[in-house]
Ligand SMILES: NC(=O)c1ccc[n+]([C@@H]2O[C@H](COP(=O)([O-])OP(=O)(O)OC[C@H]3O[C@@H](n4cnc5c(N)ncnc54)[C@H](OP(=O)(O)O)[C@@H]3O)[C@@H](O)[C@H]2O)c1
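Let's start with one chain on its own, the form predicted alone, as structure tokens.
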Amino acid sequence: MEPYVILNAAMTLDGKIATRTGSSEISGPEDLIRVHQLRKDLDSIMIGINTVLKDDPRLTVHKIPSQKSDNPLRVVTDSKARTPLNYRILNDEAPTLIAVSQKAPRDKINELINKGKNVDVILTGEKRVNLTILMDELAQRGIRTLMLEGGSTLNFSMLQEGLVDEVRVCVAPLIAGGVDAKTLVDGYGVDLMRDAFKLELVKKYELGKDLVLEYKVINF
């Protein structure tokens, strides 16, 4: 069975997850605690290569009391094996799985493989990472739950493939605007509103100055 996937993000009232310059300090400290507790509770956390390159994230549990064993498996979709070897996603704080495609240069793949015992690389897909196969691979490795932290293109691709079970968003009382600012879900999008991804609200609550909304994804 594929991992149970929770798409989690913070966004402004107008749906932006970052400004046009990449600034993404959106939610309050209470939400950071919520996110890190979620990381601690789940088996894995996944982001796309663009988020890695932009933010150089650690993707560990460090805003709440924790130990190294609490850190989830870090999963990166990186079709062309562009993950820099000196980035924090490859440190020894937690294991990391890099998913690449057949278009990835062999020398880049070997560099990632040789990075250390905490880094694993799998090949899936011809030109892009095949997300369905990736989810099956994670399931075979015993991964039962996954938090999807995007970015916006990966969010769309996961929804498009029917691989998201929940969407949890922290809505901050902010409006950023900007035609070039990233939204919660970008990608190609749908042509008709009737084809939009359907959600059912299951929970809502205030968290500091923010509002958290939790939805179940309705996959037909």
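The shown structure was predicted, so the numbers you read here are calculated from the model rather than taken from an experiment. Heads up: residue numbers just count along the shown sequence, starting at 1.
This next part talks about the form predicted together with the named molecule, which is not shown.
Contact with the named molecule in the model of the complex, judged as any non-hydrogen atom within 4.5 angstroms, is confined among 53 to 61, 171 to 179, 189 to 197, 66 to 74 to 53 to 61.
The named molecule is not drawn, but in the model of the complex it has a heavy atom within 4.5 Å of Ile49. Interface membership of Gly150, defined by any non-hydrogen atom within 4.5 Å of the named molecule in the model of the complex, is confirmed. When the named molecule is considered in the model of the complex, Ser157 lines it closely, a heavy atom lying within 4.5 Å. A residue is said to contact a partner when one of its heavy atoms sits within 4.5 Å of a partner heavy atom; Ile26 meets this definition for the named molecule in the model of the complex. Note on contacts: among Ile98, Ile89, Val129, Leu138, the single residue with a heavy atom within 4.5 Å of the named molecule in the model of the complex is Val129. Looking at 63 to 96, the residues that come within 4.5 Å of the named molecule in the model of the complex, counting any heavy atom, are Thr77, Asp78, Ser79, Lys80, Arg82.
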